[in-house]
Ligand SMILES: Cc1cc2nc3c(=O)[nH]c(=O)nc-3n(C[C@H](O)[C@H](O)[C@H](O)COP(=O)(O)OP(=O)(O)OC[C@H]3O[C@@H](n4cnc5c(N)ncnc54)[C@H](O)[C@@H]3O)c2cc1C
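Only one chain is given next, in structure tokens, and it is the form predicted on its own.
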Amino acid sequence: MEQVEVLVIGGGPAGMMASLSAVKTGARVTLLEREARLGGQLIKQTHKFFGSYKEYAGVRGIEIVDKLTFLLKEQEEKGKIRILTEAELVLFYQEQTLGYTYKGSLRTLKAQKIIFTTGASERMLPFPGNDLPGVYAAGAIQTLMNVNGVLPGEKYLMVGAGNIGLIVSYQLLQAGASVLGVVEAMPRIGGYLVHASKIRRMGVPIYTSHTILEARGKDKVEEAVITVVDNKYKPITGTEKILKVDAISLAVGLNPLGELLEQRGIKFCFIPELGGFVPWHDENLKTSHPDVYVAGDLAGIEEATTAMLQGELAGLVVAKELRYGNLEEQDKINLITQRLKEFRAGPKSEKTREGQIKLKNG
């Protein structure tokens, strides 16, 4: 049985920051990442971040990965952190004992403190023809396009006008594809206006109060049928429009990935504003289990900036509970908590604030 001090599960933006802040405070960290490289969603984000200078404003996600990876490798060379890629958590036993696969074998370890940063999975949308080749989740298209250099279609319909849908639409245009339209069931777009304005200037129509009705094609997507919806989001007969496309991208939200926490009996709350079922956690990201913490999209669907702040906070809190650091650590915790509040203060974070209130009330 392997004994570790702090275990961080997930090497995306939250996990990388959690590992760095815990190590810098003095704790010994083991970081598990199921993919072959660190970075999570950041490795396919070619756009520049918003926010303040401290939160990497003006820096592209792919560049943030390089910066954080360099800092982690420095700590690894000093023997303060062990980074295991292609290592996937599969079991959560009693106490803090876990099982993970690595290099073809099942291994077990016991951690004093655990920080889960396992992220989220993309939602699908039920409609006739959604199983045709050519229907993709937006994140899958982003991975194919920005990581693997593969453009899986030429003419696209984007479903969903949140930040992901708008950003991926723009990146498709940059890659030489056509986006025949973006449909959004809500009466207004959910993403930042700057992203919407960019694709509108490039001639892409955004259809609010619309949804996809059907995908058509013999062996693959050939057409998409869209329609107007009423104020209860029901299709209005006679408003159908046919678009000749060979790919449909779905950007309709994310679900936090917390199955192993549920198996362990950790308390969950259903909070639609945060993405659905999320582990209950306090303002320091501690769950109902005294030695288990969460950060990033698992703690509630937000942005990569928030995920990094939460990861930094969780790492500091865990190290402090293990009696590392000094009185300055509490000042750092208070500062990050304040930065999170400031980042969530804008109108686009209204739902998040509502979700946080529900979470606090349990």
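In this text, residue numbers run from 1 along the sequence as written. Model, not experiment: these values are computed from the prediction.
The same protein also exists as the form predicted together with this ligand; that form is not shown, yet it is the one meant from here on.
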Can we say 191, 211 and 245 each have a non-hydrogen atom within 4.5 Å of this ligand in the predicted bound form? no
Please tell me which of 321, 63, 329, 35 lies within 4.5 Å of this ligand in the predicted bound form, judged by heavy atoms. 35
Can you pick the one in 109, 206, 71, 87 that has a heavy atom within 4.5 Å of this ligand in the predicted bound form? 87
Tell me which of 36-44, 312-320, 22-30, 329-337 has residues with heavy atoms within 4.5 angstroms of this ligand in the predicted bound form? 36-44
Considering non-hydrogen atoms and a 4.5 Å limit, does this ligand approach residue 260 in the predicted bound form? yes
Give a yes/no on whether residue 287 approaches this ligand to within 4.5 Å in the predicted bound form, heavy atoms considered. no
Given that the partner is absent here, does residue 168 sit within 4.5 Å of this ligand in the predicted bound form, heavy atoms only? yes
I'd like to know if residue 119 sits close to this ligand in the predicted bound form, meaning any non-hydrogen atom pair within 4.5 angstroms. yes
Need the contact residues for 1-26: heavy atom within 4.5 Å of this ligand in the predicted bound form, sequence order, or none if there are none. 9, 10, 11, 12, 13, 14, 15
